[in-house]
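The chain below stands alone, shown as structure tokens; this is the form predicted on its own.
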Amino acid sequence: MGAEPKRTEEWADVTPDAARRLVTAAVAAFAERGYHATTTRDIAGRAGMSPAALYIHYRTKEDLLYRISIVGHRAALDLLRRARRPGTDPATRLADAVRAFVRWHAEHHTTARVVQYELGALGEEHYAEIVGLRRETDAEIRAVIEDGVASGDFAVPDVPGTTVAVLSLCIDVARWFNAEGKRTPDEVGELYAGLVLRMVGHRAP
């Protein structure tokens, strides 16, 4: 029950209602069975619709995956951009970014699993667009780490490699997070923010 408002909010921009129901059904099916093992009949059945009705809103199953991927990647990237608060030090900005990024991957772990781990099923054009968004995500984290190195707050000999490690750590939350588990999304975000600050060699004053 508690997760339903978040799912509704997540796809609020997808209209009409039938298209939104199909996206929600596709997320559940892809996360449970994987993209390739899921049929359009599976998706339509979960949405309470006929297979033919799906094609009114989406040309192909791949179009559905693309819609899920673009919404998810844009949402995660927007969170990182909002974490850039002018006048704050690199450690604060990095911790804020990690908290937000991890919290999203925990709160929306079903969607995030599809967004992050079914990327290879996209067509060439759609894949290129999503990879572009992933590069922007990488650039957001890398810029904060570079700022911390330049200011002397971080000790990072390999900024690109550390950026990949930070993002990989955060993204993997979607794979294991359990809404019925002991930690809330906020608690996981706080834990990971501390882990990442230690990873970049930051020492609190």
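Residue indices: 1-based, along the sequence shown. All values reported here derive from a predicted model rather than from experimental measurement.
Keep in mind the form predicted in complex with a further copy of the same chain is missing from the figure; the text below concerns it.
J.: When the contact criterion is heavy atoms within 4.5 Å, does A37 count as touching a further copy of the same chain in the model of the complex?
T.: A37 belongs to the contact set for a further copy of the same chain.
J.: Tell me, yes or no, whether L191 is in contact with a further copy of the same chain in the model of the complex, where a contact means a heavy atom of each within 4.5 Å.
T.: Within the cut-off, so yes.
J.: Determine whether any heavy atom of S151 comes within 4.5 Å of a heavy atom of a further copy of the same chain in the model of the complex, and answer yes or no.
T.: No, no contact at 4.5 Å.
J.: Whether L195 contacts a further copy of the same chain in the model of the complex should be assessed with a 4.5 Å heavy atom distance threshold; does it?
T.: Contact check for L195: yes, within 4.5 Å of a further copy of the same chain in the model of the complex.
J.: Between a further copy of the same chain and A18, Y55 and T60, in the model of the complex, does every residue show a non-hydrogen atom at 4.5 Å or closer?
T.: Checking in the model of the complex: none of A18, Y55 and T60 is within 4.5 Å of a further copy of the same chain.
J.: So a further copy of the same chain isn't shown here. In the model of the complex, which residue out of R134, R74, H126, R84 has a non-hydrogen atom within 4.5 Å of it?
T.: By the 4.5 Å criterion, the partner-contacting residue is R134.
J.: Could you tell me which one of L169, M49, A139, I70 places a heavy atom within 4.5 Å of a further copy of the same chain in the model of the complex?
T.: Exactly one listed residue reaches within 4.5 Å, namely L169.
J.: Which residues, if any, of 163-189 lie within 4.5 Å of a further copy of the same chain in the model of the complex when only heavy atoms count?
T.: Read in sequence order, the residues that approach a further copy of the same chain (within 4.5 Å, in the model of the complex) are V164, A165, S168, L169, I171, D172, R175, W176, R183.
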